[in-house]
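Coming up is one lone chain in structure tokens, specifically the form predicted alone.
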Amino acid sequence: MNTLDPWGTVKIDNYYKLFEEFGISKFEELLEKIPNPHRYMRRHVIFGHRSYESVLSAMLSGKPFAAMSGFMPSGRAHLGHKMVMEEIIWHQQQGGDAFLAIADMEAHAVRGKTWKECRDLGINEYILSAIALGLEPSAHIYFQSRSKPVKDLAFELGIKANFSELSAIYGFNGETNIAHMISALTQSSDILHPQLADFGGPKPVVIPVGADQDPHIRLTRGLAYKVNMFFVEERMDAGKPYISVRGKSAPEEALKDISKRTGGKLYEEHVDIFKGEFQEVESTVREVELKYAGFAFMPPASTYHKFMTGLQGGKMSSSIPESHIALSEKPEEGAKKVMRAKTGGRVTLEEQSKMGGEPNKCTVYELLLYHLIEDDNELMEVYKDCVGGTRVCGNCKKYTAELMQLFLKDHQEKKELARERLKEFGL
């Protein structure tokens, strides 16, 4: 699928395969229900989700929900990281709790960064950037290595995880050090810990990710199920639906409590319920599990955004400076990178005028689409002029470079102001 449209990007066909192959749902089906959607939602940059209905329902009804993400402090924050930060901030603005983890344990174990380097990069590159972009002090910002709740939960999750499972996802082998494995479980703990009692208990939590992170989301959803006491499912008996609550490691008294509260029939290891709505039963089961010191985690939700293309084409990579623009880039250098970026223009001006440009193959247009133009109508005009052949690549690059330079200058000024506010965030 390479149809040109104002919200398109290169290699879009790869994303749509995920719907069938991995059970990811289309985000556009929820879009009309979302008040004040972020531009990534409006422009279909966010293209898929898992269980986002639970987050949206809480958002619309004023109930608790959260958004969280983690950043590994192994290098400079760039525009790809900015995408995730903006999604967290948007959810905070809609009334959700924001959680931002600095994955220093992973950077130390996998990339060999010293703890001091992790601290410096975490604050100067990621935390200050998030605050400059609009993160509010109600956010929970933490370093993995300094968070006892996260490390304690990672230990509990480790009881339910096994080497075969982790090796299948991360490619671990006999040469993998144990700290690397622990850091992987710590990431799952990051995702689930906003539902601990210290942070208000079970609630919908969304994790904004690129599609390549879906295996980790699936692992964490599986671990949430494994550490919970109960499994709730809809079943059929002689053509009649009912709800079954199965206790995997639950005390006998807890099953009796569920039977009493729901009017269900009690068996040795499960309760069958023939009246009541599924969500009501799930809510009751969570209440009982918490009463008996269980976790009662809700499966974490996720949204999936398209990747930004590298400025020279191909994949954007932190290890290839010319492929990305860092948020700490000198504004004039950021502008120069735009001027050197690959475009979707034709070989000659004559061909451009006759055939029009190809914005869906243009990394410069992608910068406008993802980051530099907020107004959809303004972006639409850029798109129409490009495909109509009246917009010349050289002028478009110059325009985009100016916008990039202004953005970087403004962002870096806000970062310096953010440094004075670190105490507001408990840092």
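Position 1 is the first residue in the sequence shown; the rest follow in order. None of these values were measured; they are calculated from a predicted model.
Note that the form predicted together with ligand TRP isn't included here; everything after this is about it.
Trainee: Among 38-46, 51-59, 64-72, 372-380, which stretch has residues with heavy atoms no more than 4.5 Å from ligand TRP in the predicted complex?
Mentor: Flagged stretch: 64-72.
Trainee: With ligand TRP left out of view, choose which of E125, D190, E329, E87 has a non-hydrogen atom within 4.5 angstroms of it in the predicted complex.
Mentor: In short, D190.
Trainee: Find the only residue in S302, Q144, T309, Q195 having a heavy atom within 4.5 Å of ligand TRP in the predicted complex.
Mentor: Comparing distances to ligand TRP in the predicted complex, the residue within 4.5 Å is Q144.
Trainee: Is there any non-hydrogen atom of E106 lying within 4.5 Å of ligand TRP in the predicted complex?
Mentor: Result yes; E106 sits at the interface with ligand TRP in the predicted complex.
Trainee: So, I207 and ligand TRP: in the predicted complex, are they within 4.5 Å at any heavy atom pair?
Mentor: Contact with ligand TRP, yes.
Trainee: Listed by sequence position, which residues of 361-383 have a non-hydrogen atom within 4.5 angstroms of ligand TRP in the predicted complex?
Mentor: Result: empty, none.
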